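Presented below, as structure tokens, is a lone chain in the form predicted alone.
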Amino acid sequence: MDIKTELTDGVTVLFVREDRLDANNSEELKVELHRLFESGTKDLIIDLKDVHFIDSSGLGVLVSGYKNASIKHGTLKLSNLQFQVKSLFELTRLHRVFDIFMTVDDALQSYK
């Protein structure tokens, strides 16, 4: 899985550079999220700009990451959801769980 992380103003931004987040690659994201939280990351933004499809495995990893962030008294926010992905979040009502932002910059501003 092609993932890039950056630290900006104390917030870790994780860029998922894949067209799909599904059963074939979601385990890799789960491992990376676990690694980040175990290494002390508290606040995380996941940028999904390149992701055009998410299945139940991908959603499960994001929900698991959200729960892990909460346990660590941190946050997990999402940005740049493509139309199809945003529709799935609305259909599953997960848009009520996650803080979702149009851009990474908007998400970063929410921490100020």
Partner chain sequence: MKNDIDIDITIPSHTRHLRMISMLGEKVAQEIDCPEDIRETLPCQLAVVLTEGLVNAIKHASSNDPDNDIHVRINVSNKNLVVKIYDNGIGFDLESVPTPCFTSGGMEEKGRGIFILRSLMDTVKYTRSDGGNVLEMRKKLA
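Numbering follows the first chain given and starts at 1. Fair warning: this is a prediction, and the values are worked out from it, not measured in the lab.
Unshown form predicted in complex with its partner chain; subsequent notes refer to it.
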{"property": "Any non-hydrogen atom of Thr103 within 4.5 angstroms of its partner chain in the model of the complex", "result": "no"}
{"property": "Any non-hydrogen atom of Lys49 within 4.5 angstroms of its partner chain in the model of the complex", "result": "no"}
{"property": "Partner contact for Val31 in the model of the complex: its partner chain, 4.5 angstroms, heavy atom", "result": "no"}
{"property": "Heavy atom of Asp99 within 4.5 Å of its partner chain in the model of the complex", "result": "no"}
{"property": "Three-residue site Ser56, Val63 and Lys67 fully in contact with its partner chain in the model of the complex at 4.5 Å by heavy atom", "result": "yes"}
{"property": "Heavy atom within 4.5 Å of its partner chain in the model of the complex - qualifying residues of 73-107", "result": "Phe83, Gln84, Leu88, Leu91, Thr92, Arg93, Leu94, Val97"}
